[in-house]
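Below you will find one chain, with nothing else, as structure tokens; this is the form predicted alone, and questions on how it binds or moves follow later.
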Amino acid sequence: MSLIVGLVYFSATGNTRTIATVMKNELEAKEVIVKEFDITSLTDRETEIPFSEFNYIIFGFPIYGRKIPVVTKKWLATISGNNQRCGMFFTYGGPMRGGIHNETRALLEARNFVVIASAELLGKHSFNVAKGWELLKGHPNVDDFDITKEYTHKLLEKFTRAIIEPIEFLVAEDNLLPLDPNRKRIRMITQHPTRRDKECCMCRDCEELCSTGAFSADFGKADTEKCILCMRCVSICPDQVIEINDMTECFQDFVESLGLTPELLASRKSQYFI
């Protein structure tokens, strides 16, 4: 009987979805049945996922400021496993990983899932949609995909072991400079997504697929109280008329205050823990 794996992920700008697709293809090549669930939009997270129907589960999330998105943390509190084995993977744009592996494992184990492995995989930064902001441009690349494939094969093998050894995440510190207390918060100097051009086909994807229900297609802007700056509306707009402000000055302040030298960013590599 074929194994059934649930592949559940949040992907606002496409990094996590791209990695999930690579994993899905590798699993299906091994004749594993993959049930895919994109939980990025608010309405998708309101749909019940039949976890009991899967042999194993893989969860994928982006890293926002060393954490998974707040909306996915809230969503995790609503689901429940049955001591099912699961793997995790995280995509990030280079600056900070923090304690993402242990923190998310704790969240999943509190919901009766058994975490057996994790991975951190490079992808372009979410704010790369803005003029003047460039972090990890060109990722995920071939090297990241190779690591993803290797991780997928090892994860599948570990899923089916009779006995699972406890996993430890020996993750190096982010090795960043302390935040400059005089630096303005990114949220304070980042304009929320706004429609700049009236030449819009009004497909309403920005509104219907918003991760928090924040964007209004009629008014052409996001509710600042609901918006989490995930940049999904900017990324999926077919007419490319939704934008945020020029981030050139902010980017320079950001990389300097955190000590994000080209050498440090170049040292970032995708890796897994299994």
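Just so you know, these numbers come straight off a predicted model, no measurement behind them. We number the residues from 1 along the sequence you see.
FYI, the form predicted in complex with a small molecule isn't displayed, but the following is about it.
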**Message:** Contact check in the predicted complex: F10, T16 and I228 versus the small molecule, with a cutoff of 4.5 Å between any heavy atoms. Do all three pass?
**Reply:** yes
**Message:** Can you tell me if H101 lies within 4.5 angstroms of the small molecule in the predicted complex, counting non-hydrogen atoms only?
**Reply:** no
**Message:** When the contact criterion is heavy atoms within 4.5 Å, does I39 count as touching the small molecule in the predicted complex?
**Reply:** no
**Asked** Is G87 one of the residues lying within 4.5 Å of the small molecule in the predicted complex, judged by heavy atom distances?
**Response** no
**Prompt:** Does any heavy atom of K30 come within 4.5 Å of a heavy atom of the small molecule in the predicted complex?
**Reply:** no
**Asked** Pick from 101-109, 146-154, 123-131, 75-83: which stretch has a heavy atom within 4.5 Å of the small molecule in the predicted complex?
**Response** 123-131
